[in-house]
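A single chain comes next, written as structure tokens; it is the form predicted on its own.
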């Protein structure tokens, strides 16, 4: 398929997704918005891990930082949502930049434990600093933004808004990956020694991979706070980082649409299994999490490269 045909097909798919909101229930539209929000965060994790090859188990921390920045600034200080987005992105960028320094000294599972510790640290701050974050009670009544004079309070309006924002950040990510920076990230992942011999600044690009991925997580957190209109610490525990990591690996790490496919499966599949009304699937009401776990194990055994590696697998078989 040519690039032009691929872009047309993608535009039609996005338009169909936006139109589907007219025919779905409010809870279903909410789930679609939740998918869009998590895709923003997992897209940043895919850059850090899939393209730059830096293991991270701290993406939920940046997700939470963005959400709390939105909740604190909009509810307590009355700051506009449109001002909060760049503030959260820049704040998470610099925090991610600082977190990238351990990656200069440790790699692989050691780096994973370092980022996991960071996630736990941020979670403890959110839970214990009650004067700022509300502690375990969280912050409620987080307002949704206005687009000019159009209120985004309804589920459909906020879904369209979130979908449009996702398209914008995805285009920015695509431009980044096609730039010399994107090629430098790929070289850093494949062979750091060779990349350094080619003149690539390993230190700078390692830090940038964490910083840009963190900024995407922060932006996703801002949209999450507006979606649920209530933030509290347990949402941003390290289990959420594991879920994001699972989404990236399941869809296909280092593939542009990998986080999209993986997030849709991780967010929507459990709900589809849980709410199934088919007589043949009534047992899913009690055993949907078991079925979900078994399905993930089977997929990881059969497709360790993620769902988007099916084409490559077929190509290898054809060549053999």
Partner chain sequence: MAEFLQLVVSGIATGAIYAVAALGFTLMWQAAGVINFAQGEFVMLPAFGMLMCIGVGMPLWLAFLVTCVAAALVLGYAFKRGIADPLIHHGVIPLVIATLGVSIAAKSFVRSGYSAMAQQFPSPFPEGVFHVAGVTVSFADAGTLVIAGAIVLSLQAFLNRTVTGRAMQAVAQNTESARVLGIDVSRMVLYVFVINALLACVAALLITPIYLAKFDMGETIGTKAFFAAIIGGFNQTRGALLGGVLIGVMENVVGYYLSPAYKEGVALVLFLLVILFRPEGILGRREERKV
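Between two forms, the rigid core is the largest collection of C-alphas that superpose within 1.5 Å. These figures come from a predicted structure and were not determined experimentally. Numbering follows the first chain given and starts at 1.
Unshown form predicted in complex with its partner chain; subsequent notes refer to it.
Inset, instruction - Indicate whether the candidate residues 30, 79 and 236 are all in contact with its partner chain in the predicted complex, with contact defined as any heavy atom within 4.5 Å. - result: The answer is no: none of the three residues contacts the partner (heavy atom, 4.5 Å cut-off).
Inset, instruction - Sort through 70-78, 134-142, 106-114, 157-165 and report the only stretch with a non-hydrogen atom within 4.5 Å of its partner chain in the predicted complex. - result: Correct option: 106-114.
Inset, instruction - Using the partner position in the predicted complex, report whether residue 55 sits within 4.5 Å of its partner chain, counting heavy atoms only. - result: Although its partner chain is absent here, residue 55 would touch it in the predicted complex, with heavy atoms inside 4.5 Å.
Legend entry - 4.5 angstroms heavy atom contact with its partner chain in the predicted complex for residue 269: Residue-level check for residue 269: no, no contact with its partner chain.
Legend entry - Exercise: residue 129 in contact with its partner chain in the predicted complex, heavy atom 4.5 Å: Yes - in the predicted complex, heavy atoms of residue 129 and its partner chain come within 4.5 Å of each other.
Legend entry - Interface membership of residue 118, its partner chain in the predicted complex, 4.5 Å heavy atom rule: Heavy-atom contact with its partner chain at 4.5 Å: present for residue 118.
Inset, instruction - Could you spot which one of 12, 300, 310, 24 gets a heavy atom to within 4.5 Å of its partner chain in the predicted complex? - result: None of the others qualify; the residue that does is 300.
Legend entry - One residue of 90, 171, 83, 124 in contact with its partner chain, assessed in the predicted complex (non-hydrogen atom, 4.5 angstroms): Contact residue from the list: 124.
Inset, instruction - Go through 227-250 residue by residue and record those having a heavy atom within 4.5 Å of its partner chain in the predicted complex; state none if no residue qualifies. - result: The stretch touches the partner through 237, 238, 239, 242, 245, 246, 249.
Legend entry - Cα displacement of residue 17 between this form and the one not shown reaching 2 Å, rigid core superposed: No; that C-alpha moves by less than 2 Å between this form and the one not shown.
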